[in-house]
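This document starts with one chain, in the form predicted alone, laid out as structure tokens.
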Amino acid sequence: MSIRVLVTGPKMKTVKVETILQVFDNIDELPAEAASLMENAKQARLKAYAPYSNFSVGAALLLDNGQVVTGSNQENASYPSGLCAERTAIFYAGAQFPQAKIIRMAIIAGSNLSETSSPIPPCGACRQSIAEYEIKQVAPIEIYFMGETGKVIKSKSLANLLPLMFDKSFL
């Protein structure tokens, strides 16, 4: 992510925020380690519990200790009580491997009612949770995301997906 001042005036500046992402035509174009992690996310998606939204998500994390941790979304009739796949995986990794860094994350998401071919990024709550771990570990987390089929987007860091993020420095 880059931030550039475009126009300045006596009382105002205009700022342009740019994000650079890589786009792959499909999972077969990914580097082998990213494709393998995406396959883990695909398997995790099959374990999603999504009877209300019919929208299943799987996430897989590669940790610096070599462990792969997966998560799937888990819904609840009381909607706020559910948990997204990304946060399920991140919180499990944090609980089970508190000293490990997250190197890479793969996310696959889509409707259970029709094919989803557009890449689906993490929601805002998940972005904030990923940001917390990226800041905590003082290292970027590569994020790959896709729909059920089609293009895969890669971000070198969560900061590309959540510019001007809120963190502990504001507290």
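Only a predicted model underlies this, so the values are computations on that prediction, with no experimental measurement involved. Just count from 1 along the sequence shown to find any residue number.
Omitted here: the form predicted together with tetrahydrodeoxyuridine. The next part is about that form.
The stretch that touches tetrahydrodeoxyuridine in the model of the complex, counting heavy atoms within 4.5 Å, is 123-131, out of 136-144, 23-31, 123-131, 39-47. Mapping the unseen interface onto this chain, Ala89 falls outside it, with no heavy atom inside 4.5 Å of tetrahydrodeoxyuridine in the model of the complex. Using a 4.5 Å cutoff between non-hydrogen atoms, Met105 does not count as a contact of tetrahydrodeoxyuridine in the model of the complex. Using a 4.5 angstroms threshold between heavy atoms, Asn112 stays clear of tetrahydrodeoxyuridine in the model of the complex. Tetrahydrodeoxyuridine in the model of the complex is not approached by Thr116, whose heavy atoms all lie more than 4.5 angstroms from it. Interface residues of 67-89, taken as those with a heavy atom within 4.5 Å of tetrahydrodeoxyuridine in the model of the complex (partner not displayed): Asn73, Glu75, Cys84, Ala85, Glu86, in sequence order.
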